[in-house]
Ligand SMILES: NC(=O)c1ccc[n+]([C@@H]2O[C@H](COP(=O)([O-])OP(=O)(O)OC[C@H]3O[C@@H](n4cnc5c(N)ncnc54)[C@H](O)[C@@H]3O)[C@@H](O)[C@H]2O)c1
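Take a look at this one chain, the form predicted on its own, written out in structure tokens.
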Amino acid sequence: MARSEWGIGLVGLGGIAQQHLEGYRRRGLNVIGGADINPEQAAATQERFHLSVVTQDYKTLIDHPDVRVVDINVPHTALETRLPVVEYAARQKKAIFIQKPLMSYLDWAKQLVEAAEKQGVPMMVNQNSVFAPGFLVAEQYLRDPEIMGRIYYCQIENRAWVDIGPERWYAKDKRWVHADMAIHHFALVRHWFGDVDSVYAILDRDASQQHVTGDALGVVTVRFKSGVQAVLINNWCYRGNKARPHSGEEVVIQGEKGCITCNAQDVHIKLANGQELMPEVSGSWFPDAFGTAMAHFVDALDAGQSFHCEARDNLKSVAMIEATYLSAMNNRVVHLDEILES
């Protein structure tokens, strides 16, 4: 069966859905239509992307016979917003592709996963960092022991001033940067280095960001069961002149034979023997990672194969969110097993 047979319906047509749709258009994926409670947003998106079906009722969209994959983009900060959509899509036996983070709280995320599993439907979390062009290229090299040798360290740094106005739902929960932004990095390093042993975090915020309720910066140190260690820095109250804004965050991966320095669009490898490699990277995080992620999901569904960022496995990434806030609150190392087994 071709990709064209896997019709996609988007629930929520706001800001991030525009990146989904542009990415899907570039990959030639089959978008049936979308649903949004805002009629102006729905109409504008329909005109821009020439959608054949647009409605304010997500159930009408999900019920459409040509929709086989439901792409859920409604806000993740309230369980009562996302859970009914997941439950309805699952009852209708539609595959689910859900925007990251799965939820900001592990207990909530578990309810979404259980709703999908109860109906036996596949659910992938759109952890699009895993599919960013530069990171896909870097992954080819970091998995080559002849290039990297034993990998022992990873560092990711993302910093910028992010101004949020009073009209935005974004940043109004007590969890912000590490639930909404660092989850990109949590999922990425788990994909690269495997299960996490422990987390230690420091968090803070800048009080001059009047409309931000939660954390605006943090440093999270991560120890993996594989022995790799990582430092993940996310700072969205940086006023300085050398920003590394999302999606230009710098990633460093160090091994005994080589060092990778990259972002979503550029990759450089320096080997211990002095050789330098600069592989070509095609595309950008926005919107290409979104199209690649959905194409990966559709191809896996079509072939009856497993896929990256499966929702049950993604609970381990959400557990890193939980561990980060617990660590900062109690000033202690938090082992992931104590979060996942609770």
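Keep in mind the model is a prediction, meaning the values are calculated, not measured. Throughout, we count residues from 1 along the sequence that is shown.
A second form of this protein, the form predicted in complex with this ligand, is not displayed here; the remarks below concern that form.
Note on the interface: of 263-271, 223-231, 76-84, 191-199, the segment with non-hydrogen atoms within 4.5 angstroms of this ligand in the predicted bound form is 76-84. No residue in the set Y153, H178 and N314 has a non-hydrogen atom no more than 4.5 Å from this ligand in the predicted bound form. Taking non-hydrogen atoms only, F290 approaches this ligand to within 4.5 angstroms in the predicted bound form. Mapping the unseen interface onto this chain, Y58 counts among the residues with a heavy atom inside 4.5 Å of this ligand in the predicted bound form. Although the partner is absent here, Q99 lies within 4.5 Å of this ligand in the predicted bound form, judged by heavy atoms.
Residue contact check for Q46: none of its heavy atoms lie within 4.5 Å of this ligand in the predicted bound form. Taking a 4.5 Å heavy atom cutoff to this ligand in the predicted bound form, the contact residue among L51, L277, I37, A300 is I37.
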